[in-house]
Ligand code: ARG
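There is one chain below, alone, in structure tokens, taken in the form predicted on its own.
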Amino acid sequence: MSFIKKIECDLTKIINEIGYEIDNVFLSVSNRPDLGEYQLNDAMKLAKKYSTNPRQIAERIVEVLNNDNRFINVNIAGSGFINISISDDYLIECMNQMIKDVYNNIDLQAKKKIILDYGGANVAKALHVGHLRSANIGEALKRLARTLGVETLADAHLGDWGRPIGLVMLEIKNRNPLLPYFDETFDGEYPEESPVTNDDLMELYPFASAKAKEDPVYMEEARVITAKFQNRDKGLMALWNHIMKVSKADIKRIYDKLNTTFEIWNGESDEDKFIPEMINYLETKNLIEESQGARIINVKEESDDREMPPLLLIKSNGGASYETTDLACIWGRVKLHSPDEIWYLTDVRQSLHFEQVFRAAKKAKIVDENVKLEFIPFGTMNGSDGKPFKTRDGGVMKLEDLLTLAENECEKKILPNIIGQERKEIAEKVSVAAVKYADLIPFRGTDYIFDIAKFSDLEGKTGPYLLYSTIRMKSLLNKAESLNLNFDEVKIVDNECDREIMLNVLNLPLSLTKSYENRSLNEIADYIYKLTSSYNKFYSENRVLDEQNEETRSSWLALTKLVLNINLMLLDILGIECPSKM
């Protein structure tokens, strides 16, 4: 339990003991630091409940708090707002508990299992900039949830079972018709080596896709070959396995650059096997209706004040819809993992799709009422024109090209004496920090303009600024260790800069909890910048290693160690790796 939460629990007990029933007390960070560091507003609520003057209730609370050595400057403002500041002794006690273990100041969430779906990469196609935000936000939410004690599983949910694969197979066949995968009489062992590389796939799909749009005959051939491999034709499945292996390796490579990981690498093909039993189940529930040759589930509710289309289950041509695949995915996840919650991260344009799927899952009782299905939408990353980010020729930019663009810009910020492979590796880490932090600092629902020159600056609210500051903390502590200086604990609060850092440290759990509750990382991104800036202010005003007072110096170094550990923890939650130098 965090220190603030402990105070809130104690305040709740105190207020009940003096005769006022209240379930929970909440301390808020004061926007009037001249009056106090925290504010307690519950006297106003209690006054309504007990039809009493709020100031009278506040005075009784303050009388008790004045005898608690954790608090100083307890006072009442206005009609009953209680202001509280934290004593130096208690601040020091809190800091030293966190130096032992930073998790001593974290509020854990209730035990549960959450599956997060933030992948959506398409096999045989390049990851593009549209995949950036789901990867960044999803990965960070997963890491945050784990930090708060929640069990998580992330699913890449690959697009590996649709017509794009059929188009690639058709073009491979047209160029290499003698390959055994297309020979229905072949009964030998298929080659272990893939007939295509990832570079081939990157060229094959755009070519085949463009051709299909112009040539109806070619499009029909693609439909036929798609249906054939979806019916698990032996030769085409062998080719599909090659395509999957080659493409997944490259998808993983790009995700690895972003420090994005998945525990489950399932695709639409894995959900396809659940569709027959799910359809059979839905039929037994009498939920399927016929509509113009298609099969649907009506998901409209009486309370709807807008049009709600039915969920298309089976198309008129007999094919399963995108909605059916996602419904089968829920079926499979419940069957295999029994999650308490499933979170989906895509841009806001898919909100109707997920509402239909969630309603169908609940209506059919595919998930229990207590299982939460949550759609977490986000805004778009835009170019300087305010429109979704494109290449100079107007095409969709590959994600790897965007990362290369960022790497080239960030490389300019690295010290000239760092050379060779080390320079490249550091530039890559700094560029990922620049891109990720810029992506996570706005509220997730907000669109933002991509400006790599701004995002890679060493000053201001940027990833490189945070890395540079954190590296400097590491360097300071390394020098202290080489001088055999002690910095195991904070012993005194020496000045207002110290105190500001400590109060920021104390408020760590507020940002973690708020980010988790809002499913957005902007609170953490703001917090780490505020904490780092308060430390940098302190650093610029004090010559730490040259300080002659041993008690002061060791306290400063211990505080540095604490801020460093918090920064490293928060950077890790954001999916940012800190290099040893830059």
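When you see a residue number, it is the position in the sequence shown, counting from 1. Note that the coordinates shown come from a computational prediction; the quantities given were computed from them, not determined experimentally.
Unshown form predicted together with ligand ARG; subsequent notes refer to it.
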| item | value |
| --- | --- |
| Interface stretch in the predicted complex with ligand ARG - options 397 to 405, 239 to 247, 341 to 349, 473 to 481, non-hydrogen atom within 4.5 Å | 341 to 349 |
| Joint contact, D117, Y322 and D326 to ligand ARG in the predicted complex, by non-hydrogen atom at 4.5 Å | yes |
| Ligand ARG contact at N122 in the predicted complex, heavy atom, 4.5 Å | yes |
| Heavy atom of F354 within 4.5 Å of ligand ARG in the predicted complex | yes |
| 4.5 angstroms heavy atom contact with ligand ARG in the predicted complex for H131 | yes |
| Close approach of K142 to ligand ARG in the predicted complex, 4.5 Å, heavy atom | no |
| Partner-contacting position among R444, H157, R295, K429 - heavy atom within 4.5 Å of ligand ARG in the predicted complex | H157 |
